[in-house]
Ligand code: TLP
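Just the one chain here, the form predicted on its own, laid out as structure tokens.
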Amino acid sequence: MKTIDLRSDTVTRPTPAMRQAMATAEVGDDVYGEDVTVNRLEAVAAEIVGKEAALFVPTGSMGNQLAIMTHCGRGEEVICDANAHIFHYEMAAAGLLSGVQLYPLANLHSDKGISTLSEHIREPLSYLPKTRLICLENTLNRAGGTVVDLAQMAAVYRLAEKFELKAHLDGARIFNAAYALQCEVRELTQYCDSVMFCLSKGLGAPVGSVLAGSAEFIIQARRYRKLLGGGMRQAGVLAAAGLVALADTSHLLVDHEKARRLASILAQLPGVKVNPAAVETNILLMELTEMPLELFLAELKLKGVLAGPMGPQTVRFVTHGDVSMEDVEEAGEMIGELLASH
């Protein structure tokens, strides 16, 4: 039976061009700095995001944790959004690995949240943790792939500079954000001291993320990568796929179109709430108003469509390069049939 996998854009498989590049990649020992393909990927990535240097890492979570570890000292505090990936999905690593406290704020990415952000930056008192880092996420996964625009990014960065803080951007899907805003990635990443982005989500590479920042920052992050077990050897076979992914990212626009089309179909169905206007990138959220979430996901799987939970009654669908517009239409039809049967 055919499966239409809408759980995440992490399920994408490497393209034939990526497989060919991986098979023929020139490699060396990356821990010694001798893998020319990794070095090329890091240089290309740094140029794209407008930073001095970059570091190839196995995962986005490792990239985020390296940024926290490099920017912060033990006992300090990181402000993030209450929906942030570093708060929900990285296993409390900031506390375990870096000894820092996360301070999650509701709606940090909104104009209202940004306007009150300074109230949450700690005063330098002996009994308070010192605020060291502000972490933004663009696009914001748990908010349905919503985008933080240039003005909002700039406002947070100016505030960080005013209080002599650092700003890190979890840009796992920053290319999606840039296409949604019709701007260059570096226009967004100019408003952060460090940025992590994933190669293995919508960009379609099989493995890897990139952390970028100043040359000094990356030197220390590279040491911490080794500490965390992220030192790779002939990693050029993986980096080669990343280079192919970065060569052409325009297919992300099509992914956005697929998500909007699916939202328009689902919005017409009974027993659910979907706001098509809220779909800005390749993620959409659907609230079930009648059918239990676990039952819905289980029965949808039997029909050959995979989706994921995002709350007690909320389903997340993510479009990507391995799902066609025809697949989206078919998935919408099967979801309608399932809801109608209940």
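Numbers for residues come from their place in the sequence shown, where the first is 1. Keep in mind that this is a model prediction, so the values were computed, not measured.
What follows is about the form predicted together with the ligand, which we do not show.
Legend entry - The unique member of L211, C135, V148, A172 whose heavy atoms fall within 4.5 Å of the ligand in the model of the complex: None of the others qualify; the residue that does is A172.
Legend entry - Proximity to the ligand in the model of the complex, single hit among H71, H109, H256, K201 (heavy atom within 4.5 Å): After the contact test, the surviving option is K201.
Legend entry - 4.5 Å heavy atom contact, H85 and the ligand in the model of the complex: Because a heavy atom of H85 falls inside 4.5 Å of the ligand in the model of the complex, the answer is yes.
Inset, instruction - Consider T59 of the chain shown here, and say whether it contacts the ligand in the model of the complex, taking contact as heavy atoms within 4.5 Å. - result: Judged by the heavy-atom cut-off of 4.5 Å, T59 is in contact with the ligand in the model of the complex.
Inset, instruction - Could you confirm whether M196 comes within 4.5 Å of the ligand in the model of the complex, counting heavy atoms only? - result: Output for M196 is yes: heavy atoms within 4.5 Å of the ligand.
Legend entry - the ligand contact at T281 in the model of the complex, heavy atom, 4.5 Å: Contact check for T281: no, nothing within 4.5 Å of the ligand in the model of the complex.
Inset, instruction - Please determine, with the chain shown alone, which of 229-237, 258-266, 182-190, 85-93 has non-hydrogen atoms within 4.5 Å of the ligand in the model of the complex. - result: Only one stretch passes the 4.5 Å heavy-atom test: 85-93.
Inset, instruction - Using the arrangement in the model of the complex, list in sequence order the residues of 1-34 with any heavy atom within 4.5 angstroms of the ligand. - result: Residues within 4.5 Å: S8, T10.
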